[in-house]
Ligand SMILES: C[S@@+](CC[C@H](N)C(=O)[O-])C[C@H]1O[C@@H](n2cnc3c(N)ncnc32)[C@H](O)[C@@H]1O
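What follows is a single chain, given as structure tokens, in the form predicted alone.
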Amino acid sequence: MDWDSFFTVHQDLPREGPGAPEDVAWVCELAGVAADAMVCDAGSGPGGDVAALLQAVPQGRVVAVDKYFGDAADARFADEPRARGISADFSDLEALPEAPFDLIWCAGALYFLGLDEGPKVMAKALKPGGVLAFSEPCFFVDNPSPEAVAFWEDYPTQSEPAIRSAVEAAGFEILGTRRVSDAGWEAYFQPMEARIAVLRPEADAKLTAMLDLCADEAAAWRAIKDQTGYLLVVARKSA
């Protein structure tokens, strides 16, 4: 991975993964998240979901944690006293001074820890009865095409029943699931494609390769979106 080129493409994008404010609202309503809840946005990117989380907890607080984009999230909400962003690895959320949390929101990032370990790690940073909401790569059909399998590269993508079983085995009760919508995916891809168009005329060979890679990702998803995507999972930690 040419990280310099990656960050050139992704600089100043509004979000680092698929999602929409409607997802946040659905999760918080389903989970009955209190207005004064303490929330962690784990793997927040530049804070694309922070505004929706703040709206969902009007007397609460939101901590956005991202290894690469935490400072960007902090700058984005510099004038919002109820939010802060930090550049840190979200594998140790329990060490944050705001922990334990009422809600951990983890959009398109739990896979960095894996489905076997991720929920267990998050459980350590949740209050008893706290809620974990995360989006996980999922196959929507029994026999996904080679293209759908390849989309997730080497990640061990599973079906919804297998995802539910793994979360329950980590000590959670499933409150609900739903697919991240096409609109949520386009909210990620369309700004990135606009950025690609701006950069391409002056791009050198390395950057051109990254631009092609990012453009190919969007095209690949649009071709196989009926077979695979993100499953949004809402689960309550056992008391």
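Being a predicted model, the structure only gives us computed values, none of them experimental. When you see a residue number, it is the position in the sequence shown, counting from 1.
The discussion below concerns the form predicted in complex with the ligand, not included here.
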Name the stretch: of 158-166, 100-108, 142-150, 125-133, exactly one has residues whose heavy atoms fall within 4.5 Å of the ligand in the predicted bound form. 100-108
Is the gap between Asp23 and the ligand in the predicted bound form 4.5 Å or less for some heavy atom pair? no
Classify Tyr68 as contacting or not contacting the ligand in the predicted bound form by the rule of any non-hydrogen atom within 4.5 angstroms, answering yes or no. yes
Asp116 near the ligand in the predicted bound form, any heavy atom under 4.5 Å? no
Would you please decide whether Phe77 lies within 4.5 angstroms of the ligand in the predicted bound form, comparing each non-hydrogen atom pair? no
Does any residue in 1-22 get within 4.5 Å of the ligand in the predicted bound form, counting heavy atoms only, and if so which ones? Arg15, Glu16, Gly17, Pro18
